[in-house]
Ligand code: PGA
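Take a look at this single chain in structure tokens; it is the form predicted on its own.
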């Protein structure tokens, strides 16, 4: 499978800026001869409908930053995976650390979101990552293994392309004032471990991607690693020049 570069725009852009950036990204991707990876853009909810039109039948795929646990019901403020799929969304980020921390999403919620996403042919990008406490105590792998077991409990997929694991060490995410990217070699070892764990649970060799303070200066080193199948890019993805530099490596 191709490597994949996923932009998570979070809630950093207003509506007009999202549309303008989407057009810039599409023009750059079409123009570039260097981009070999699959490119996915995950905007905020308000921008999904117009971006679906912009990216329709193009090399750029559309993703969402989250989706609901169920397709329909009394869930005020939630957005249905069924509706996202109908709009042309192909991927959905599930279990991002910011939602775990600020919105108190637990493994049970994340597991339900994964299953609902799969029902509507969305590819979940399942985020896992340890805090600095687990890293310093030497418990990172134990913690990650437990999180994968909980998130993927009862999940069934038909092919390895149906689900992606995004490894984002929480202490390395750029929204943290003390964040720094993990070294590519260290990330490679953790990603290899996660691939093995996911394969034992789902019996498929999934793509595992890295996220955490990724930028144009370190992206190439990450992408050269055998077990890093792509990148989840946060802050650097809202600058077209920077993002295209990452996608071209």
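This structure is a prediction, so every number in the text was calculated from the model and none was measured. Residue numbers count along the first chain shown, from 1.
Quick note: we don't show the form predicted together with the named molecule, though the next part is all about it.
Among heavy atoms of residue 98, some come within 4.5 Å of the named molecule in the model of the complex. When contacts are judged by a 4.5 Å heavy atom cut-off, residue 228 does not count as touching the named molecule in the model of the complex. Put simply, residue 22 is far from the named molecule in the model of the complex: not one heavy atom of it is within 4.5 Å. In the model of the complex, the named molecule lies within 4.5 Å of some heavy atom of residue 214. Residue-level contacts in the model of the complex: of 172, 140, 82, 163, one residue has a heavy atom within 4.5 Å of the named molecule, and it is 172. Residues of just one listed stretch (71-79, 90-98, 147-155, 132-140) have heavy atoms within 4.5 Å of the named molecule in the model of the complex: 90-98. Contacts of stretch 211-249 with the named molecule in the model of the complex, defined by any heavy atom lying within 4.5 Å, are made by 212, 213, 214, 232, 233, 234, 235, listed in sequence order.
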